[in-house]
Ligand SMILES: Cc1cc2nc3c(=O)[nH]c(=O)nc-3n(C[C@H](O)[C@H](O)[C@H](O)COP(=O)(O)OP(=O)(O)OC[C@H]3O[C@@H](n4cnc5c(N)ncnc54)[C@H](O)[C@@H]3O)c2cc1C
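The chain that follows stands alone, in the form predicted on its own, written as structure tokens.
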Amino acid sequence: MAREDREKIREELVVVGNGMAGCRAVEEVLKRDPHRYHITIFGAEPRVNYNRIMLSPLLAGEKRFEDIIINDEAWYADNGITLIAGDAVVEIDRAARTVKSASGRVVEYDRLVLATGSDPFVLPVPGAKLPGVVTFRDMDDVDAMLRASETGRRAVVIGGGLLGLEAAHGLSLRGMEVTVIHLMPTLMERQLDEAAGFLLKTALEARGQTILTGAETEAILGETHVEGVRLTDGRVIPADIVVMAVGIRPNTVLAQAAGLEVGRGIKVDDHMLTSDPAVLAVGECVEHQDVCYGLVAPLWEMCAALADALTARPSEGYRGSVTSTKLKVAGLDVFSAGDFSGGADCEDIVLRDAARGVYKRVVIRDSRIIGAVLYGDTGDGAWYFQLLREGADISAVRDSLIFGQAFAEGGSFADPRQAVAALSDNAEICGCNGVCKGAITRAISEQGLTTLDAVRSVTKASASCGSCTPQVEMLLSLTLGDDYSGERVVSPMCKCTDFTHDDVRRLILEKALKAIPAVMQALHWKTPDGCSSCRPALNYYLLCAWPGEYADDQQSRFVNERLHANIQKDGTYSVVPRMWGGLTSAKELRAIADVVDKFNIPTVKVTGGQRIDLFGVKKEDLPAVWADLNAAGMVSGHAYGKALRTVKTCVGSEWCRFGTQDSTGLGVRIERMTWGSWMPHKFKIAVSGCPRNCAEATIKDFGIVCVDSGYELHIGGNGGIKVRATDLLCKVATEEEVMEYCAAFIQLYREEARYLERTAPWVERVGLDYIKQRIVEDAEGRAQLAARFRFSQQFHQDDPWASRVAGRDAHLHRPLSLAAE
């Protein structure tokens, strides 16, 4: 057949979109049948096809535009492709099978491919349209950022996902001071879990960027040009340019106007056919089986299926993608694949190497990998991903899986116990303390050590970061054989760590660890995010260790503390407003009565601690209840918390004929000093005006019994399941001494007791003599303890009800159906 005749029978293929997906689809078609179509490609940008993923290196100055071109002009010419660049298609006439461009050009088609990609999402906040606010999707955005970096010095990037961090990195390399604002608590939360996100944040901050997580943009400021960003908490960050990188959404405008079926994206079947058989779609603009993709690998698989369909090649079509992400963010390696959300039916294998900045987590269900997150060392990402895609049974290599392919498949070294046995006596086991294998085994043999704690105590091995704990335990097992039981003298905090509560508290201070992920990374936690036992404990320990610096983690608190009320068995809550020293007034009682009527609260009860408890409050009513109580001057009684609950008093010398001192006034003073203080467990105080002890001070955590000559101070009482009378700590002469001894005792308990350990078992464990030595006999130490307590109170005496009334965490009080919207 003559060339002219072949040209006449070619079908017309029009591709809308000159990006990576559109051109890749054309490449696949040409590969299968290069003479089947006359091809016309429309592109909105006045450029040839380039690699959009390389915009970041372009911004960073690592590449030029010429370096990121995928198909140059010669490619279009060599393949007889008509490129219409800089003239976007604005209309599809499906009946006439034509497309119309912005310039009015009309082109007929036999088959039409839509590869319209996605559009950046722009937050609808005031100032979003100011000059100086840009997105990060194409060359024009890069040009705008480059111009800004030449004249300005401060950049704000809204969005801590991959694109936002790449923009921040590029602008930082251009010499700008960069602040990243991210709504979620973890950077790149879709690709990284909390632990990896924390490491990434820490590394970026070390590179000079300011990272604000959990920060919400309220407005972009400026008159004629962007000048700053205001957050919802009132902070203002100055800016010469604002980069909006908060996400993308499929560009479906053209398809929707043409009457094609559209959901989140253009709906396609397995062969990438839309609801019109003459129209196909591919790339970020499509929705396949309810899923839209934003990664390159799925796009390539879609293009192959689309080309099969366009060339009538038999094919199973596209069946969806299992995706992985291997990225280098600002020079930092991260990898993730599959589902790493975990859950009750999953188990995690975690490796943390704080010294090398490495974090690895593999999530397993039914002996198969379902997800993986790697930070710092991503060399085995492809291997994990292969095992995940194949659904391979990993039982045979489970023990060594986390160490990577070379170790897991490395013959004899697949058995970690055998590997430790093969080490020489000079091999270093504990890098932190410089302890070698021979020193450990000699200590075990010569000193009769039989437990990990004993080895730690004698040799210091595994006593610091703890990463060598498994090797030390293996040496115990190898040295003692059947005589090694594996049991610890003091149990670890929980299954997530080998360290005890005391170890963790000590190391938090020694290593200056100031965040939960930092503790978990430095102490080699065995789980990615801890558990319901260790997270509340860590949250308390950090709060106690670093007042004013550590940001309280609400997610690590039990439900009562998160909602600042007690949940009852029917799902409603009870609320206890604070009454200082047990005193109240007509105004407060009237406010309580009004709240009861207004919210139909069914039960009102006086507690054993002289307070009023309102039962049956609906969760969604809590903020309004607190608002009304706040308006009457009442604050939270912390009846739900591991905190100071009440200071119970009798009437004392003011009204009682037996009273020796002003017990009520002293109780009010103490409660105003101690309210809001977080404790290892609930904490109660009482002040009795005379030895008749009407306030029951001798079964409280700290009790004061007033006598003619002064005040008897009692500690460690408990009126719970196991009743324990207090121990007499000492007797003092003045109220000021009472205040100092009380503050010092509380602080000693706060600093040294284990989480969920009340004062009664703590006093019995450490001994009354020890406490007397620290509080009574050491005047300087007592003053220091009291000073540390008062210092911490300036940060903790913040009524949590008031902040909730102001709107913080309002979503926690919405019904579930509304919260999901």
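All values reported here derive from a predicted model rather than from experimental measurement. Residue numbers run from 1 along the displayed sequence.
The form predicted in complex with the ligand is left out here; the points below concern that form.
- Annotated contact segment (heavy atom within 4.5 Å of the ligand in the predicted bound form): 108-116, selected among 669-677, 547-555, 598-606, 108-116.
- Between the options Asn251, Thr217, Gln191, Ser149, the residue in contact with the ligand in the predicted bound form by a heavy atom within 4.5 angstroms is Asn251.
- Proximity to the ligand in the predicted bound form, defined as a heavy atom within 4.5 Å, holds among Leu449, Val89, Ile370, Ala743 only for Val89.
- Contact between Ile53 and the ligand in the predicted bound form is found at the 4.5 Å heavy atom cutoff.
- Among heavy atoms of Ile429, none comes within 4.5 Å of the ligand in the predicted bound form.
- Although the partner is absent from this view, Val296 contacts the ligand in the predicted bound form, with a non-hydrogen atom inside 4.5 angstroms.
- The ligand is not shown here, but in the predicted bound form it comes within 4.5 Å of a heavy atom of Phe136.
- Contacts with the ligand in the predicted bound form, taken as any heavy atom within 4.5 Å, map within 15-50 to Val16, Gly17, Asn18, Gly19, Met20, Ala21, Gly22, Phe42, Gly43, Ala44, Glu45.
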